[in-house]
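Consider the single chain below, provided in structure tokens and representing the form predicted on its own.
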Amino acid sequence: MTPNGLVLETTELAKQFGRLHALRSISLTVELGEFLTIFGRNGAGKTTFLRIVSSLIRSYSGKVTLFGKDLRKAEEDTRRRIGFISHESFLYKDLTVADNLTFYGRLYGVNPLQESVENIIARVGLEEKRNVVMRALSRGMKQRLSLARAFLHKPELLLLDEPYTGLDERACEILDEVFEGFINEGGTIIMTTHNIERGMKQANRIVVFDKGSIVHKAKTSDINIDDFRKEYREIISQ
């Protein structure tokens, strides 16, 4: 059970790469069942934020609390409650769709393994590609496979770094359907994107990162999309 209904809380989170301040004093909470979209130009700190929350980056200042536990002290079972889709697929190019998922299923101790693999393959519409090696897939099919990998172990928090990039409309529709089902089942999503329409479509709340800081935040129910589009353009043009 997540204390106080919070899945994630960051307090004064900061990260430097040499002299570059990727994140500056990010204090943010994400509640159970929430869909939060993070907007921002390239280099705003969005990806760094997700990589810290996913434990891919372990060195930072400030505090990250995940499922009520300090992330620095979190055990593997806490990190396994996360699914992460990023620019890196974390997939093996010479393994088939089914073999990639079987490998990750064993890694995460998924049980029953083969039934879970077949179910997730069907869920993302890759039945006809199950025996095709990953490197032979289209960009959209690879993204669907990344989605299947992230969902296979039934995470509670899904981190999505620009998941719609390079996808055709059908692939985007499949992602929308899967994300909607995930939220309806009680999951929590944090997504980064440049696409205002996609980012606003299912989110409860949005924040805007710029130069490593939060410069805007609002509930989507309080936002007029045309007004926000103008405001966002002003932010990223500075």
Partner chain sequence: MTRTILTILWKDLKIELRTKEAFSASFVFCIIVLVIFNFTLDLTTEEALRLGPGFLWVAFAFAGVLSLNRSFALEKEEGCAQALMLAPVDRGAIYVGKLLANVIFMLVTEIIILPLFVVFFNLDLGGKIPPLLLIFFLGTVGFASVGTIFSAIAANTRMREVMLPILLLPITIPVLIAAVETTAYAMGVRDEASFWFRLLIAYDVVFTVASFLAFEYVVEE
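Residue numbers count along the first chain shown, from 1. If you're wondering where the values come from, they're calculated on a predicted model, not measured in any experiment.
There is another form of the same protein, the form predicted in complex with the partner chain; it is not shown, and what comes next is about it.
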Fill in: L137 within 4.5 Å of the partner chain in the predicted complex, heavy atoms
no
Worksheet item: Closest heavy atom of E118 to the partner chain in the predicted complex, within 4.5 Å or not?
Response: no
Worksheet entry | F84 within 4.5 Å of the partner chain in the predicted complex, heavy atoms | yes
Item to complete: Evaluate R79 for contact with the partner chain in the predicted complex, applying a 4.5 angstroms cut-off between non-hydrogen atoms, and reply yes or no.
Response: yes
Fill in: Proximity to the partner chain in the predicted complex, single hit among M141, L91, L157, A150 (heavy atom within 4.5 Å)
L91
Worksheet item: Picking from 56-64, 170-178, 197-205, 29-37, which part of the chain touches the partner chain in the predicted complex when contact means heavy atoms within 4.5 Å?
Response: 56-64
Worksheet item: Does anything in 212-236 come within 4.5 Å of the partner chain in the predicted complex by heavy atoms, and if so which residues, in order?
Response: none
Discussion item. Thinking of the 3 angstroms or more shift, are the C-alphas of C172 and E88 brought closer or pushed farther apart in the predicted complex than in this view?
Written reply: closer
Practice prompt. Pin down for me whether the R139-T165 Cα distance shrinks or grows in the predicted complex relative to this form (closer or farther, change of 3 Å or more).
Written response: farther
